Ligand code: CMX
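There is one chain below, alone, in structure tokens, taken in the form predicted on its own.
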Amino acid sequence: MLKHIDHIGIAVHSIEEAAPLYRDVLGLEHLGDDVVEEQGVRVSFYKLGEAKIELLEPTREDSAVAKFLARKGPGVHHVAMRTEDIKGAAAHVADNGIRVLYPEPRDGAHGKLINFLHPKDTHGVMLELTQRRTDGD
């Protein structure tokens, strides 16, 4: 069902301030930036082996990331796991009592489909399911 960790999402107040740590100090390859209007975030991806680090900066005050930053400050926001069947994976976890945040997958960064599992059901960790739309992702 799940293939591997796709990325680790880190909430930051400013990508411009956080990026030098990942790019210059840690030497991670910058893979690009994106804006996900529906989620109210700007994202910046950095390659780390087979996985990525995703910096998340809110673009509006009512976004989930802005609320997270207000409550907890900068830090790990979520762990994303890749699947080839996001609807099937979401149905499987829901059948096992885990709340899925969206009834249907939504558009995420870089054209991926995404859905989240409620952290109250996953021992305090926000888990994200991701699925590539094409082989080029």
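What you see is a predicted model, and the numbers here were worked out from it, not measured in a lab. Residue indices: 1-based, along the sequence shown.
Heads up, the form predicted together with this ligand isn't pictured, but that's what we're talking about next.
Exercise. Heavy atom to heavy atom, is residue 83 within 4.5 Å of this ligand in the predicted complex?
Worked result: Looking in the predicted complex, residue contacts with this ligand do not include residue 83, since no heavy atom lies within 4.5 Å.
Problem set entry | Touches this ligand in the predicted complex: residue 64 (any heavy atom, 4.5 Å) | Yes - in the predicted complex, heavy atoms of residue 64 and this ligand come within 4.5 Å of each other.
Exercise. Is residue 91 one of the residues lying within 4.5 Å of this ligand in the predicted complex, judged by heavy atom distances?
Worked result: No, residue 91 sits far enough from this ligand in the predicted complex that none of its heavy atoms falls within 4.5 Å.
Exercise. Using 4.5 Å between non-hydrogen atoms, is residue 46 touching this ligand in the predicted complex?
Worked result: Because no heavy atom of residue 46 falls inside 4.5 Å of this ligand in the predicted complex, the answer is no.
For this session: Could you run down 51-72 and flag each residue that has a heavy atom within 4.5 Å of this ligand in the predicted complex?
Result: Contacting residues: 54, 56, 64, 65, 67, 68, 71, 72.
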